[in-house]
Structure formats: structure tokens, C-alpha cells
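Presented below, as C-alpha cells, is a lone chain in the form predicted on its own.
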Amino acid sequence: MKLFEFQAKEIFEKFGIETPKGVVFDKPEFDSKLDGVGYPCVLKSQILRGGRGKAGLIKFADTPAEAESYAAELYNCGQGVDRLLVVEKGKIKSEIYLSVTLDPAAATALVIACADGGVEIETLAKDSPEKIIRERVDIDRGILPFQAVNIAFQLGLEGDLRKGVSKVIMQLYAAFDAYGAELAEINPLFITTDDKVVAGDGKFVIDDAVLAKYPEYSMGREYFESDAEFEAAVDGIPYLQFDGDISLMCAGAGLTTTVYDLINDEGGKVANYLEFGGPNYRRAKRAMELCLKNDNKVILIVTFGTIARADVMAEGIVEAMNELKPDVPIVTCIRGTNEEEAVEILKAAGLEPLFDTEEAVRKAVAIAGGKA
């Protein structure tokens, strides 16, 4: 689960990381007195997406009148802003990128840092990879002080600043470890003009598997980009939301990744990925309901099942079609156990069973593009 910025900062503060003074307002409330914050200030929309600054969802106000005007503008911008975090505008000398995440391939934690904070780290890693500092951390031992100091040294810091940033690195890792996080990120980590080290922004992602330990982070609609994504999470169905027009019902992450790449190679765009395999292969109706919540032009179903039987999937798809009566075409490529029976079931329902994944992708992309 992704947390909002103000929640990430609450965790940072628990572990001793300084954050700017701030106050949270829920729509439609706003009090321009800003007790404890003052002016100038920064109004930060609390939504779970990156690029808020570029999207105009962060505003700088010098007066109460400006703050009130910007608050009304953000609440009514049509981008789902229901909460604002208003913080003091500090005097910043420099910015650093800092995060802790997991490296599955190496089976370690990974601290990532860069002296160019406030940037899109993915773009920087592509264009200037030499600027990215990476330090793997043994998960059993945790981060050691010398590793934190080494990172701060590579950032070009000296004296008290090196000590201060090293301390924040240790604190951020402690928060990451304590909450079973997938990501703990500070971007930017401010160095103020009086040499304080302050978490200017924050991201925190907690592994869903340990959410039961933290009832304060209940799975509400505000944590998800779409109704379909929220409903899938409640139903325990893995689901990822994208912005294309081809809905995917696939079995297995590896197969899905391949299909996703094939769609991109053919010039198509994915609307969503829904896991139709594993424990969900008997839930075709619910899976299709979720896909139909998208503004899609076609549903592409690609599976390869051994334990998840192809005939059961086919029966479920046909039943779902009869009950839901989808208004978009459905393309199927269902392979695996009892495949012969699945073919007959699909044919009887008027569907064309395909046997080649690339052919199925080409057909779906052609439909979405109005060429079939």
C-alpha cells in the first residue's frame, strides 16, 4: 500500500527524521491562519501520484489570500484532491535524493542516493547513471554505520553535514525495516541554509502482506487510482491500472509481462492487468466485471494453466459473457490442461480460440486501433 506524503512524514518523524512544520486539511476545510506554519508556505495536494509539481498540484503562497485562493483551486481542479498538506517554505541550499528499497535479484535491501535531489530518479538513472550511488544492505544485519557514512561521503558531504545525512540514512533504513516496507523515499532531502537536514517530501510503500499489523492504514478508496483497482484489492485480486484501451486478463506475472511487452511492440496500450490465474481462475465473472470498469476497446485473455484448468477458465468466461453482456470484443488464447475441451466451449459460444500469443496480441491491438 502506498501512503500519502503526510503519512510518510509521520513515520519519518517517529524515527527522528526532521520534516517541515505542516498542517493537514481535509476538503472542504481550510484555515489560512496556518497555526505553527506561517508564511510563505507550500500547499501540497495529497494524491498518490508522482509529478505533482509539473501537474500544478503544488502551490506556493506568500499571503493568506493567496493560500485561500490556491486551496480552492486545488480542491476543484478535477484531479481528486481531497486533502492538502500545507508546510512552511524553508530556505534551501541544496537537495539530495535518498531511498531504501529491495533488490530481489541480490536478495538484499538497497540504499539509493544522489546529490541531484528533486529529480525523476528513473530519468537520471538512464541519462546519467554515474550520478546514482547504490549501497546493498544485508537484510539480516541491517545497515551498518560505515555504510551510511560511505554514502554521505560519496555525496560529497563533509563535517557536520556528512554526520547529519549519515544519521538520516540510518533512520530511514530503520523505518523501512520496522514497517516491512517495499520503498521508503525522501525526495528531496533538503539541506537548509543553516545546514539542517530536512525531509522535504516522502514516499512510503508498505507490503500488503504485513498491513494487518498497521490498522491505522485501512484500505480505503483514496489509496487507489480507480474504482476497479480498489475493488480488486478488496476482493484479493492482483490488479494494476494503466491508461490504455486493452484490458488484460492473464495468468501469471511472467506471461503477463511478455504480453504487455508484445502489446507495446505492436503499438497498443494496456488499460489494466488483472491476475486471472492462481486462486482466481474460477472467478471469471468478477474478473471481467473489473475489466469492464475501464474505458477499453477490447479484453484480451491469455492464459497457460497446468493446475488452473483451461476448460474451467473457458466455462467461466462464457458464463461471464452471458451474464454481463460486454459491449467490447473479447480475444482469447487459453492454453494448458484440458485445452481441447476449452476450445469446444469457446467455439460454441461464438469465440475464436487462438493458440499463438503473438497472434492474439496482434488481433487485440488491431481491434483497439479500429483496424479489425
Partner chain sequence: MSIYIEKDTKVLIQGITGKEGSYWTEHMIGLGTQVTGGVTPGKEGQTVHGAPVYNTVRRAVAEVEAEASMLFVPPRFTKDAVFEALDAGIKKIVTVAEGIPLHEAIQIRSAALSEGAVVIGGNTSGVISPGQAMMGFFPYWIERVYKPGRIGVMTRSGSLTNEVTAMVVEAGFGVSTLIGVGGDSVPSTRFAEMLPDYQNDPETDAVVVIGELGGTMEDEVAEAIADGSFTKPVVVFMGGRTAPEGKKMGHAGAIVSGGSGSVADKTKLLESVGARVAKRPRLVGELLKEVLGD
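Keep in mind that this is a model prediction, so the values were computed, not measured. Residue numbers count along the first chain shown, from 1.
The discussion below concerns the form predicted together with the partner chain, not included here.
Residue G254 is the only one of G267, G254, P145, P129 with a heavy atom lying within 4.5 Å of the partner chain in the model of the complex. Listed residues L292, M170, I237, L240 were compared with the partner chain in the model of the complex; L240 is the one with a heavy atom within 4.5 Å. Proximity of G316 to the partner chain in the model of the complex: non-hydrogen atoms within 4.5 Å are absent; the residue sits far from the partner. Using a 4.5 angstroms threshold between heavy atoms, G180 counts as touching the partner chain in the model of the complex. When the partner chain is considered in the model of the complex, F204 lies well away from it, no heavy atom lying within 4.5 Å. Although the partner is absent here, D140 is a contact residue: one of its heavy atoms lies within 4.5 angstroms of the partner chain in the model of the complex. The three marked residues, V210, T306 and T357, each reach the partner chain in the model of the complex, with a heavy atom inside 4.5 Å. Per the 4.5 Å heavy atom criterion, the partner chain in the model of the complex is contacted by stretch 297-305, the sole one of 152-160, 90-98, 76-84, 297-305. Along 327-349, these residues reach a heavy atom to within 4.5 Å of the partner chain in the model of the complex: R335, G336, T337, E339.
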